[in-house]
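Take a look at this single chain in structure tokens; it is the form predicted alone.
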């Protein structure tokens, strides 16, 4: 199943490129914040946003054009996978506000954006994945599996989450959003997550490129039916998914050098992940740990790609991205941006979604030579 992930493009609250995002982590730069007001309580809530706002389709066109121009990508023999939780949600919100209501005729198919971009840029085929916070991770997983069938020369994965009133108000009304603006996953007194706007793209192929970031060695995805909304808090389903991911990649738990935690900073999700990964921390040589959402915000369906790109690029430069401010949890020691000296590192990357859709990827990255 192994394939290479290359040609990265990232637009986020840390800048309009992956290089800007890595530089922001190096310098401990604060993410760009654009607060929104929780209508029910008239409270100002933090949100990590891009500085320059565009319509989602315009931003998607821009990152695909950057793929084409910067990496001379040829899409005619490639599959396009769009991964997002929100998809057309911003379009529906704008139309609803303009018309004063929403009717059945306003619905759009889930693959509308994928089909549109396929036609505009000449992709061989396209489809969309919408599995909550595991969407982009599943896109990488399924893209890797499809490459084995030799139906496509490559798979372009595009993931995005635009700012959405429904999402912002919904998460805040459920009291899942941080009031303090401090994003502290696994911290006993954490007050929740911070949502983030993000757009990311990269290409999967069977051949290594000069601009490759990492290899996708394997992974696994499954849906926990314990609850309608989440996963079993004893961590049993998460543990099972991780074990299957290791099996698919031909690895053992003791081979893992680094765990990229999902780390939403919400009580139930953090509890489930803590319990599901506890066995790793009890090993003689426990892997290092990192979290990315303090830098990018919770990009929901896009986090599987955006966090993979930022993590891999930072590791190539010898930096392990961790919280902007070090803090102590009851389980995890999350240091502040320690150096990373290992090459060919094996990474367990976790992405656990609303509705219990859990995905884990096994990645291998190497230090990029200057």
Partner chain sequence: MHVISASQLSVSTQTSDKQLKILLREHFSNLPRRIDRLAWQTLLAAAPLTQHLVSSCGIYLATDYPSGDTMTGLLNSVCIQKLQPKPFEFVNSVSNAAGFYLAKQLDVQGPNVFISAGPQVWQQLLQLAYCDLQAKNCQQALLIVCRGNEQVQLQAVLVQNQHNQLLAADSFAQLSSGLAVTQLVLD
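Numbering follows the first chain given and starts at 1. Note that the structure is a prediction, hence the values are computed from the model and not measured.
Heads up, the form predicted in complex with its partner chain isn't pictured, but that's what we're talking about next.
Per the 4.5 Å heavy atom criterion, its partner chain in the model of the complex is contacted by stretch 109 to 117, the sole one of 288 to 296, 109 to 117, 274 to 282, 256 to 264. Comment: its partner chain is not present in this chain, but in the model of the complex one of 250, 122, 170, 181 has a heavy atom within 4.5 Å of it, namely 170.
None of 74, 206, 243, 130 but one reaches within 4.5 angstroms of its partner chain in the model of the complex through a heavy atom, and that residue is 130.
Using a 4.5 Å cutoff between non-hydrogen atoms, residue 191 does not count as a contact of its partner chain in the model of the complex.
Residue 92 belongs to the set of residues with a heavy atom inside 4.5 Å of its partner chain in the model of the complex.
In the model of the complex, its partner chain sits within 4.5 Å of a heavy atom of residue 223. Not displayed here, its partner chain is approached by residue 227 to within 4.5 Å at the level of heavy atoms in the model of the complex.
Shown without its partner, the chain has 142, 145, 146, 149, 151, 152 in segment 141 to 155 as residues with a non-hydrogen atom within 4.5 angstroms of its partner chain in the model of the complex.
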